[in-house]
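For this one, two forms of the same chain are given in structure tokens, first as structure 1 and then as structure 2.
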Structure 1
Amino acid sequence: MSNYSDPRADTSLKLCEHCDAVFRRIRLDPGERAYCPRCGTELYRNNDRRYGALLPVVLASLIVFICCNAFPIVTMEIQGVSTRTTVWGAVRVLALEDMLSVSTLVFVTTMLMPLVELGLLAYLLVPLWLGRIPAGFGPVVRLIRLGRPWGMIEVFMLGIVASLVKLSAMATVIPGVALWAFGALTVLLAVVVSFDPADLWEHAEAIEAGYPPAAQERP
């Protein structure tokens, strides 16, 4: 762990989310993490490498997200009758079957919140990559952190797999394009959520102070 030579470090403070202790940030080497000496909670880590890869991952996630919702999840054949559905089709059917609360929950956690988070991240990362700070930077970062717990693509994916295993005993189940896309999106979102959006403040401050991230560190 080396001292942070950037003058911005003199005013960079970090609050422990568990014991509320305040520490002055220091520059970490790649792969290093800082822990609270009072309670042992991880305070922050060196995210330079992941920051550089975040924008391509976010853009790839948006493309895969479109595939998830544009193609059928699965095709089922029962006694010669074939049916297929998309995520939006499942939401509509649930609503028509008087299960509005379940329909709303599926829509919010698998469609709305993941799309909002990816869209807001792209809104922040593209201007940062160009060396500019987008309007409303602070409120957007806070909005991403508030909405993140409501994105539950991985739970939805587990539910689909469990349902298909049970249905395979009663019907012929053919996985659709969206099912594979959901698998890829689950992996991509795991990478996205491993990055704390609050760390984007450090990169925004670097631009504001006239220290734009080096080309190899850009998202």
Structure 2
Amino acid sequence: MSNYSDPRADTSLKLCEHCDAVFRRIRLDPGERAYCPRCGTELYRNNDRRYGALLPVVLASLIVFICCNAFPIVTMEIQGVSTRTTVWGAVRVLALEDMLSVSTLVFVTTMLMPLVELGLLAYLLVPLWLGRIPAGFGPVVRLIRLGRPWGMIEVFMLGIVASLVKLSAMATVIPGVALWAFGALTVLLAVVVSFDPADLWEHAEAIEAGYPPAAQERP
């Protein structure tokens, strides 16, 4: 694939996505961010230092994601009777209650989109780590950015906490494994979404140009 093999793709400038002002890119120190002086929008940031941690974080997120869905979130007990639920249980109950649209919404935002984002990131990062560029690099990066707003694990986490507080008034509530897993996933995904997948372009182009993956630090 030659359409992205040009490491000279012009990225010397940066346009503000909110006000269309043009700036010359300057090298930032790790952790620094550049803001638009005209409207205050963040223009770009330097994630180099944490870049190496992205693949382990993505793989850890995938494992935690499985725990989130394999175990009950919470068990509730009233007078000796107990019920428990998983995310899938909630999706199924809504579908049974003639709430197919809401059921789909919950499924897409808490299961499908997080899984798609993590899966696609792993699909990109594992070959990049091995020094290869996976097929369909461009479309996959675009797909990740397209799906990102619809993954809502952190909002779901707040929903779990609110439900627990409400339930604890009427019953004995026993936290399940998935509750802690969701807490961990919220933190891991916060790290994942602090990376713009578009930044992977520079990494991929460095590999194509023959630099070893470790030498991604630009001068």
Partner chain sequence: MNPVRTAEQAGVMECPQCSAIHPRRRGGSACDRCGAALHLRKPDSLRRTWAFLLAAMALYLPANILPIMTTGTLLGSQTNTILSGVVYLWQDGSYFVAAVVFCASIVIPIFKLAVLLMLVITVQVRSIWRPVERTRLYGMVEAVGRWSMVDVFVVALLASLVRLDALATVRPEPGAIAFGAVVVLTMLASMSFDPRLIWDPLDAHDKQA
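Numbers follow structure 1, counted from its first residue as 1. Heads up, when I say rigid core I mean the largest set of C-alphas that superpose within 1.5 Å between the two forms. Because the structure is predicted, anything quoted here is derived from the model rather than measured.
**Student:** Which structure would you label as the form predicted on its own, 1 or 2?
**Tutor:** Only structure 1 matches the form predicted on its own.
**Student:** Does the distance between the two CA positions of M157 reach 2 Å or more between the two structures, the core being superposed?
**Tutor:** No.
**Student:** Does the C-alpha of A181 move 2 Å or more between the two structures once the rigid core is lined up?
**Tutor:** The answer is no; the displacement is under 2 Å.
**Student:** Superposing on the rigid core, does the Cα of D20 end up 2 Å or more away between the two structures?
**Tutor:** Yes, its C-alpha moves 2 Å or more.
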